[in-house]
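Next up: a single chain in structure tokens, the form predicted alone.
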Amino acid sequence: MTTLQAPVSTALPAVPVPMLVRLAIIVVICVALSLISPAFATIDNALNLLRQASLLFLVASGLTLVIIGGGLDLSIGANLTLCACLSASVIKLTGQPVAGVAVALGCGTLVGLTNGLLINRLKIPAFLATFGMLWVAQGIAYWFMAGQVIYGFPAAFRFFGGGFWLGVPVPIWVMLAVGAGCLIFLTRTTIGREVYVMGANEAAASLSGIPIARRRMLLYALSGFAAGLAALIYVARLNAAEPGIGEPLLLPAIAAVLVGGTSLFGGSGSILGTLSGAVILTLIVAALNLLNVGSAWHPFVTGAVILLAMLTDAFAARRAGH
């Protein structure tokens, strides 16, 4: 007897907050800041802002893939920290930037795969598994560094975070490459479309023959890889690594994903949305600095942005009948 499989649409879902709205927000903020300070509206300043946004986007890009697939990764900041500390140590010991790059990318991917195994094999909810991994990775980083700060890396490695190519900072090129890769993955591959289906309705996706466990492993591995790549950019730019380097990036990364229109319910979102979310958050921080708002208020603003994005997401979900 032939088993009938539930039909599942692979059409990409609509993003809750239209891209045009986010682009309009970016334009409005830029115009307002240009009126406040004419020095804001310069090519150099625009490139500097995009360089700042690139780090946030790299961390948030992998998180976007995981959330679209119906998961969550709270370990990205701690993963970045561990990758940064290990790779910095290897570069200082060997003098070989290539070895440090391999360690960072390998460590990040391994942490991501471990998250996937905890969720798949032990059936631990994604929130708890990645929250636990956050503390494990952070704890290993603090133990490994023993209060030390590693600094002073070869110029070839520092170019990765502070250099220019064709007049554009290298981190921006990396951001564009990662963004293009994620966009192609989500919209032009069968696996990418399966990720949307999986996030929208895991049971239906399983009935349609999608290998849920393998896809989940892939998504968490990609999230870990992105954290490792972001660690390299961060360390190369700062020319230093210390055990608290990634802690401040978790909340802004989540905010960038949510502001970009990716739904925490899964099955909806886009990498271009996350890119716009990272730019918006970077512009908000620039505005706070330009208005001389104390840094103590920055977490408050980030939290308010997350709550606003969550309210928008919940409203869109109710209208869609979720």
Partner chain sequence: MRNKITVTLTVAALAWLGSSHSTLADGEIVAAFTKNQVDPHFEGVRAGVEQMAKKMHATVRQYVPTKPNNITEGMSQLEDVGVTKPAVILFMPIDPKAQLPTIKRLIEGGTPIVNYNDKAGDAPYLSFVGEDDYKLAYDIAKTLFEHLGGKGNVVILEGVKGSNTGDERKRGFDAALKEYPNIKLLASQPANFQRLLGLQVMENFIQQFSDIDGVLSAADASALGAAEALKSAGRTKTAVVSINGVPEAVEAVKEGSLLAIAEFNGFKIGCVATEIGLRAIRGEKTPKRLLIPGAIITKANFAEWLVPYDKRTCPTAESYAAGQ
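Not measured: the values here are computed from a predicted model. Positions refer to the first chain, counted from 1.
A second form of this protein, the form predicted in complex with its partner chain, is not displayed here; the remarks below concern that form.
Visitor: I need to confirm a contact call. Of G77, P243, G71, G116, which residue comes within 4.5 Å of its partner chain in the predicted bound form, counting heavy atoms only?
Guide: So the residue touching its partner chain in the predicted bound form, by this definition, is P243.
Visitor: With the partner removed from view, which of 219-227, 134-142, 96-104, 82-90 is the stretch that lies within 4.5 Å of its partner chain in the predicted bound form, judged by heavy atom distances?
Guide: Of the options, only 134-142 has residues within 4.5 Å of the partner.
Visitor: Would you check, heavy atoms only and a 4.5 Å threshold, whether S34 touches its partner chain in the predicted bound form?
Guide: S34: no, not in contact with its partner chain in the predicted bound form.
Visitor: Report yes if any heavy atom of L238 sits within 4.5 Å of a heavy atom of its partner chain in the predicted bound form; otherwise report no.
Guide: Yes, contact at 4.5 Å.
Visitor: Is the gap between V149 and its partner chain in the predicted bound form 4.5 Å or less for some heavy atom pair?
Guide: Flag for V149 set to yes.
Visitor: Tell me, yes or no, whether G162 is in contact with its partner chain in the predicted bound form, where a contact means a heavy atom of each within 4.5 Å.
Guide: Result yes; G162 sits at the interface with its partner chain in the predicted bound form.
Visitor: Heavy atom within 4.5 Å of its partner chain in the predicted bound form: which residues of 260-294 qualify?
Guide: N289, L290, in sequence order.
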